[in-house]
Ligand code: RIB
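Just the one chain here, laid out as structure tokens, in the form predicted on its own.
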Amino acid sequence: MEREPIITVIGSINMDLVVTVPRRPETGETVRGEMFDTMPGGKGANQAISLARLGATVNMIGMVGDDEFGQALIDNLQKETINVQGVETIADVSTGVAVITLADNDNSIVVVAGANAQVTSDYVRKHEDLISKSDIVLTQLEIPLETVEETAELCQKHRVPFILNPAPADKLSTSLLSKVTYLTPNRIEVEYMKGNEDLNWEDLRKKVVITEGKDGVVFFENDQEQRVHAYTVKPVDTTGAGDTFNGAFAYVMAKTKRITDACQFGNTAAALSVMKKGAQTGMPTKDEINRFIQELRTDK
């Protein structure tokens, strides 16, 4: 039997503070909320859980604070069978949080880094062994940029493919991008990158996979734009859809290296994820994805 891929995720581990409102308040306005929840989140942890649900062997590298949120988040990762050897608890710093407002079938998010800011280059080097034994490494930009750059260096050293989800948007160096195997921005992040005059978009786009929500995914093959269309579903909560896609994309790329298959599988996973509330609670298993695909074929 073919073994499952070993994927290391380096990134943020947050507690999401989720408020549901009928509409977003104007500046200075107070509105009545409908619901409040605390849910495990953080782009790094979300992507790790997306991968674990699909069957990958997942290593998580990150940090939490020595507080109630931090212990709950470590427990949650372990419950999902994720290796937390690379997750440390640090004193005198709070666990990272994301304040999420759900309104109008979409979300807006404010992130406070907390312990995620302590995921330094030195800390990643401590876990070089995990990186060297990985089939793919996946990271995002909710940890310090110099840490992402060090991760890229280590991946290049050990010839491990490196996927960077450039969220939230930040100015990325040509040196970093030259070491990226695949870059997975959304539309907003693409526009931010195009505004950086130091980058040559024509050279960069051959490694770019652009997530466009209900419009699917765009990538470039043989200098031609290719689009994988999204599924039409009724969204309940779009939080974590991009993280679900990134996990599923990384999983298939580690197994098959076929980008079209990876985008299609990622689209399916993301479609299922938005049909439930919560970034992680909606992330599907491989069986759920395959069942969904089979049902679509049957309906035809």
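All values reported here derive from a predicted model rather than from experimental measurement. For every residue, the number given is its place in the sequence shown, counted from 1.
Another form, the form predicted together with alpha-D-ribofuranose (RIB), is not on view; read the next lines as being about it.
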The one option of Leu183, Ala98, Val160, Leu102 with any heavy atom within 4.5 Å of alpha-D-ribofuranose (RIB) in the model of the complex is Ala98
Partner contact check in the model of the complex: of 119-127, 150-158, 226-234, 104-112, the stretch with a heavy atom within 4.5 Å of alpha-D-ribofuranose (RIB) is 104-112
Test of understanding: in the model of the complex, would Asn246 fall inside 4.5 Å of alpha-D-ribofuranose (RIB) by heavy atoms? no
**Item:** Interface membership of Gly41, alpha-D-ribofuranose (RIB) in the model of the complex, 4.5 Å heavy atom rule
**Value:** yes
**Item:** Distance check, Val9 to alpha-D-ribofuranose (RIB) in the model of the complex, heavy atom within 4.5 Å
**Value:** no
field: Asn46: touches alpha-D-ribofuranose (RIB) in the model of the complex, heavy atom cutoff 4.5 angstroms
entry: yes
When alpha-D-ribofuranose (RIB) is considered in the model of the complex, the residues of 268-287 having a heavy atom within 4.5 Å of it are Ala279
